[in-house]
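In the structure tokens that follow, a single protein chain appears in two forms: structure 1, then structure 2.
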Structure 1
């Protein structure tokens, strides 16, 4: 398998505070990586570092995409490699869903392809009927799906998502998880997702990464995450470990 992302001894300091400390891991082309950890662990910071979204930070170590240093990529070329869906909270862009999705095509300007890719992304996320609605008229869950549609329309080999199901009800969260897993398995898309759902890594399969206070606590096969006391150490909390009655995958409940 070919590494598509390599993080080597990466540290990030902002305002004199170390937010990430000596992080190293590798994701191969077509793998699925779930990033978990308690609040303030550095999960979103890490994902934003992969996209060069931080300003005024000091970093050491390196991040490589396809064997090439992240900082050597022009912004537009990087946008052809990594699609990003942020959290739906905060500032709301003054666009309709369709306008947002079309804007995400800026790294690959091609009017004919733009429309096809946008329509496909809207269909995949179930937003076709809402496409002409302004983002500020949507629920948090609908807006979250709009950001995911925009990331999908970029047609990148890597898709990075920051808590994509945070504003979704259980039904739509399950549908989103199923879509991401299908994109990963069927379309060979490399998926990197931050999640607070501790059962997500086992459902998604692939790899899991656990951060705690900016340190890498665990990186490996997702199922291995549920062995021993890794989750208890990460969250300083006790969990009940079970097997799912349908497929036997690990499941944890808060105690």
Structure 2
């Protein structure tokens, strides 16, 4: 079976600085990949590279989507394969949530489905009641969810999210985790998410990838991440390893 995503010896240099170094991994259709690592490890850089969002960079190696080189895809075709939710910080577009979500239908030729697809994305993210609120009137968490809804409206087989729970309180972060897991398990979406929540990979299951200073430190089953001292090595920090009292999954606490 051809993997939906295959990264082979991929390196990325920006302004003479190597941001990603010889990264290789594969993700099959319907898998869940959590990308973790300390600040500046190259997590967002990697996700953006999957979407060809970098300008003025030098790359070596290759990224294949469905066995085809990433650079051979016209932009619209790529946008029909990977839905993207960026971090919600910085510039706030002057749109309502619904307008932002509807804009994500741009690569889809079937305009008759636009309203239904955007309504469904709003329902899934619990934003229907806020749909006509301007983005600048929302909290950081609500805005983050708006970007996720927009990515969902792209109706792609792959979802790439950059720190989707960064601005969410524990309740909403849990709801988002559940949504992503549901999209992965029930709807068979391939989810690739950058997270700073070290307990997210164990909760989400699937695969985990650890980056440190642009190098791939670990790639494998999420549960294996918590064996040995991979996290300690990645973050240069000591963690307390526990089992969750409810389901026994690995949990780490900062020392």
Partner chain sequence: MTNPAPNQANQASKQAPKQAPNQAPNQSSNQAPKKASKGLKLTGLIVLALIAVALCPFLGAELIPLKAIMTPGHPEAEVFWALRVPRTIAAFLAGSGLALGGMVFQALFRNPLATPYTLGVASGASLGASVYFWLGISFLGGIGPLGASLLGAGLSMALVFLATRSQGGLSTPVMLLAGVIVNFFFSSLVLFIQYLSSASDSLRIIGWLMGSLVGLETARLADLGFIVLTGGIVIRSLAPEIDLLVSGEEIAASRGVEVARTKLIIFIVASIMVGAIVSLTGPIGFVGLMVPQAARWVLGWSHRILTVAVFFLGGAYLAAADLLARVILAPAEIPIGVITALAGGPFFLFTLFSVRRKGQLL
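Residues that one form lacks are left out of the comparison. Positions refer to the first chain, counted from 1. Each form is matched to the other, and the largest set of C-alpha atoms that superpose within 1.5 Å is called the rigid core. Fair warning: this is a prediction, and the values are worked out from it, not measured in the lab.
Query - Chain form predicted in complex with its partner chain: structure number out of two - result: Of the two forms shown, it is structure 2 that corresponds to the form predicted in complex with its partner chain, while structure 1 does not.
**Report entry** Core-referenced shifts between structure 1 and structure 2 - contiguous stretches of at least three, CA at least 2 Å
**Finding:** When the rigid core is held fixed, residues 109-112 make up the only run that shifts.
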